[in-house]
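The same protein chain appears twice below, in two forms, each given on its own as structure tokens and labelled structure 1 and structure 2.
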Structure 1
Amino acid sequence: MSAPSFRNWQSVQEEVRRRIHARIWKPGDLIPNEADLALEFGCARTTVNRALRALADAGVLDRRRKAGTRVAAQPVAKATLQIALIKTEIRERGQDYSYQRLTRSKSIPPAAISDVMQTAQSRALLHIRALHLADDKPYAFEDRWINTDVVPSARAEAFDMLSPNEWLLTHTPYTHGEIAFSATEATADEAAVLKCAEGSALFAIDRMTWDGARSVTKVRLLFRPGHQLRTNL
């Protein structure tokens, strides 16, 4: 029987995973160094390095300079979260999607917004409030601020037919972002928009996106009571 081929980093990664899963290498064990693994697998050391880096990023391995690479004693389970268009999300549920722009204004945001977006407190931002509907029933309330110094083309958009959620994802590049999930109680205004009782438990997603050091947009999405977010480990 010929030895298995390890010509790319993905095949090396899978073999390392197999050994960890089979407890050939147990949690806390120091694994062979890159040079020895490259010799064993018959591949370049850079190929092994790429595979081990990917496993370290996934929380499977613990790599320390001059101390070697160990199997993580407490592997971190990382969830993969896909940020889909709300329109796509609703249609994938087998429901009809519709959209309503509630308000659009250029205004100075509350200090909390300008602070987190790192804009001057005297700087006006584009503020859009919109409602996403599933089968003509409220699904999500979008409350968004857009930094038009970074996205000047947004100044000409009415957002009356196309939601800012969709427009930004298809028109505006960004380098990184932050996202937070929480539960909140519906204010009187939010309850009126989402057609639920004031004080109802809502699922909230707060998201910020950046283009380098400059903020692009900040949005709070509020979902009706009972909404669930599912992801994969």
Structure 2
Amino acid sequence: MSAPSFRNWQSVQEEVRRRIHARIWKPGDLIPNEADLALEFGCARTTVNRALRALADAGVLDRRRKAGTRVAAQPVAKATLQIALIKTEIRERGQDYSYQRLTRSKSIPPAAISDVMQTAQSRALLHIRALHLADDKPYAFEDRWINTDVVPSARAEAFDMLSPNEWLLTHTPYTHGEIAFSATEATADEAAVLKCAEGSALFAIDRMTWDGARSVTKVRLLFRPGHQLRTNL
């Protein structure tokens, strides 16, 4: 039984995964330290470190200085969702993309909006309602508020050809944001726009982005009934 020698970090990672899967190292178990593994695998500690770090990032391992590395007791399923442009999303499905701006106005937002965006109640924001279509059928309804104090150049945009979804991505930097997924019943308005029954269960994505302490934009995307957001684990 000689050392098989794992000469790159990917193979080390694979071997560690194998051992966890084979229950040689069980959830909650402390695994040997990097130096020992390096010795066993016949590689440098750096290489082991790289492999274990990647596994920790993936949620498979829990690592803490001095305490050592252990197999995650609760392997948190980390689903990484790729939120692409709606245009891209539709085209990748092999469908034809089109876009319709419904309304564009500068108006005082309801309190619910100015509250979460932390803008003054009396402050007018740019409000755009638009529809994204796949093969000429309604796909997603975009309802967006833009803080023109932060994005002054948006004032000059009509958003009649280019969706705010796309325009903002390339024109507006942001530092951080929040995203929330939920289900909601279609109001009469929303049903009319999406051409579905009132009260249908719609998949909703609410996203808000910030540039430092100032809110950039808040958007609600409502997808036609049956929409799924999927990814691999």
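Every residue number counts along structure 1's sequence, beginning with 1. The term rigid core refers to the maximal set of C-alpha atoms that superpose within 1.5 Å between the two forms. Here the structure is a predicted model, which means the values were calculated and not measured.
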Report task. Mind telling me which structure is the form predicted alone? Result -> 1
Query raised in the report: After the core is matched up, is the C-alpha of T170 off by 2 Å or more between structure 1 and structure 2?
Result: no
**Report entry** Core-aligned C-alpha movement of T46 between structure 1 and structure 2, 2 Å or more
**Finding:** yes
**Report entry** Flag for I179, CA shift 2 Å or larger between structure 1 and structure 2 after aligning core
**Finding:** no
Query raised in the report: Hey, core superposed, how many Å does D36 shift at the CA between structure 1 and structure 2?
Result: 8.8
Requested in this report: Report, to one decimal in Å, how far the Cα of W25 moves between structure 1 and structure 2 once the rigid core is superposed.
Outcome: 6.0
